[in-house]
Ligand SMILES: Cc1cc2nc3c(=O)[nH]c(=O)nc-3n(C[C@H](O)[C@H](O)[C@H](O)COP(=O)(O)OP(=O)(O)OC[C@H]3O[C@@H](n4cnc5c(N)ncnc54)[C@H](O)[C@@H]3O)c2cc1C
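Here we start with a single chain on its own, the form predicted on its own, put down as structure tokens.
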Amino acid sequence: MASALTRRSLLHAGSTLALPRALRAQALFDVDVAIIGAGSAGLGAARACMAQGKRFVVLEARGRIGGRVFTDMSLGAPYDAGAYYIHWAERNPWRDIAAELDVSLRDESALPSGEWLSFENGARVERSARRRQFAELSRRFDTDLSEVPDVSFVERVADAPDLLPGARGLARMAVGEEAERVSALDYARLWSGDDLIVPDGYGALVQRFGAQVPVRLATPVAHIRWDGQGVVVESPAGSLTARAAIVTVPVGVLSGGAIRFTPELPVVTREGLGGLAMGALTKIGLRFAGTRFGLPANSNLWDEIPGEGGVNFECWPFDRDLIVAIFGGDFARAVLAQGERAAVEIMLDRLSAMLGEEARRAFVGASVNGWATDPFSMGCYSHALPGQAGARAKLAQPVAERIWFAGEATAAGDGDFGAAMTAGGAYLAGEAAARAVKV
């Protein structure tokens, strides 16, 4: 018996060694690349693998693809509950993808503009002071990076206290976070350029593109082992082996420990995660019927409650019967903590203070998209903490040439991470990671 077993094992070894080297390597792994997450980065990685002939699998925790690029259709008219702009469109890959799929894009600056009205505690105020503040803030952030220190937004305007309200508003609405917790340098290095929008929905564009990619939905990864050859990826569907893993899961989920790594991730990777946090930018869609309160399409109502935060109400986007409430920071976290029904009531209260009780009478329905409480995102997008502007570069370093972290948090561009915090940057990061995997 022992002799027969030994002979069979030798025959098996001999047959394996007789194969070409590439085929022997394939026999060790189920796939070349395991891609964790089917958002923009995961789809970019998958398409790059397809182009290069690499065997791959995409595992997605949600029951849909797209991640934080999501067009909400629940109110009978589309609105982008997550990413909205195709930023720096001159070099954003989603612009070319839209052209390939014959999806219409619009220049944001060319849209017909409605009214811009500012309120404080529901009372109308002038916008001129806020406009002056933002002009000066733009000068302080949109400048030579060598002149921007790695300090918080608050410290950046410490010599001009009159700019502090504007700095707080900028941090909450652009990053979704409080000004004390955002690195001015990390924000200042973000690329600028033309902003395009997708009338039918950015999320709808991503869904259409991703339909060409095979994805295993509702498959949350719980454990990644890299203590042997390649990696072992464990999920409720079982285990699979891969030469490498591209992890496109948001920073908030990784920091929360939703995926366990064995062995523990290297110090530099953990430092990268520790230097990044997630904002809480939130969108609540509100549908109305019968009246538009005398406001033309694409109007904006800004309502500020001192000490709490502001809400921008985008009214009738693309001439649809929707108002989208957008707000961030600790105010957003406090609102979401009260539950979806209460969050809608808070927004209706603010609208009623500005527009009158007719707002409640015309209200039809709502949809709450709180990314900060979504277990598969735990925030809207990443930002570096003050003093931690180097965190993205640390997280972007591959682990043992077997694990790559790719997404908007590691979206490098010419080495400056200027593509961070965008769906376009996430795509580029996923694509670059897939190309880096050696097979």
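What you see is a predicted model, and the numbers here were worked out from it, not measured in a lab. From 1 onward, residues are counted along the sequence shown.
Just so you know, the form predicted in complex with this ligand exists too; it's not on screen, but the next bit is about it.
Colleague: If we define contact as a non-hydrogen atom of the residue within 4.5 angstroms of the partner, is Pro220 a contact of this ligand in the predicted bound form?
Modeller: Output for Pro220 is yes: heavy atoms within 4.5 Å of this ligand.
Colleague: Taking any heavy atom pair closer than or equal to 4.5 Å as contact, tell me whether Arg333 reaches this ligand in the predicted bound form.
Modeller: Contact check for Arg333: no, nothing within 4.5 Å of this ligand in the predicted bound form.
Colleague: Is Phe376 close to this ligand in the predicted bound form, meaning a heavy atom pair under 4.5 Å apart or at it?
Modeller: Answer yes; at least one heavy atom of Phe376 falls within 4.5 Å of this ligand in the predicted bound form.
Colleague: With the cut-off set at 4.5 Å between non-hydrogen atoms, does Val249 touch this ligand in the predicted bound form?
Modeller: Val249 belongs to the contact set for this ligand.
Colleague: Using a 4.5 Å heavy atom cut-off, which stretch among 151 to 159, 267 to 275, 118 to 126, 220 to 228 contacts this ligand in the predicted bound form?
Modeller: Among the listed stretches, the partner-contacting one is 220 to 228.
Colleague: So, Leu59, Leu281 and Gly407: all three within 4.5 Å of this ligand in the predicted bound form by heavy atoms, or not?
Modeller: Yes, the whole trio is in contact, each within 4.5 Å by some heavy atom.
Colleague: Only one of Phe288, Trp302, Phe209, Tyr85 has a non-hydrogen atom within 4.5 angstroms of this ligand in the predicted bound form; which is it?
Modeller: Only one option qualifies, and that one is Tyr85.
Colleague: Which of these residues, Val198, Met347, Ala179, Ala81, gets a heavy atom within 4.5 Å of this ligand in the predicted bound form?
Modeller: After the contact test, the surviving option is Ala81.
Colleague: Just give me the residues of 378 to 402, first to last, that have a heavy atom within 4.5 Å of this ligand in the predicted bound form.
Modeller: Stretch hits, in order: Cys380, Tyr381.
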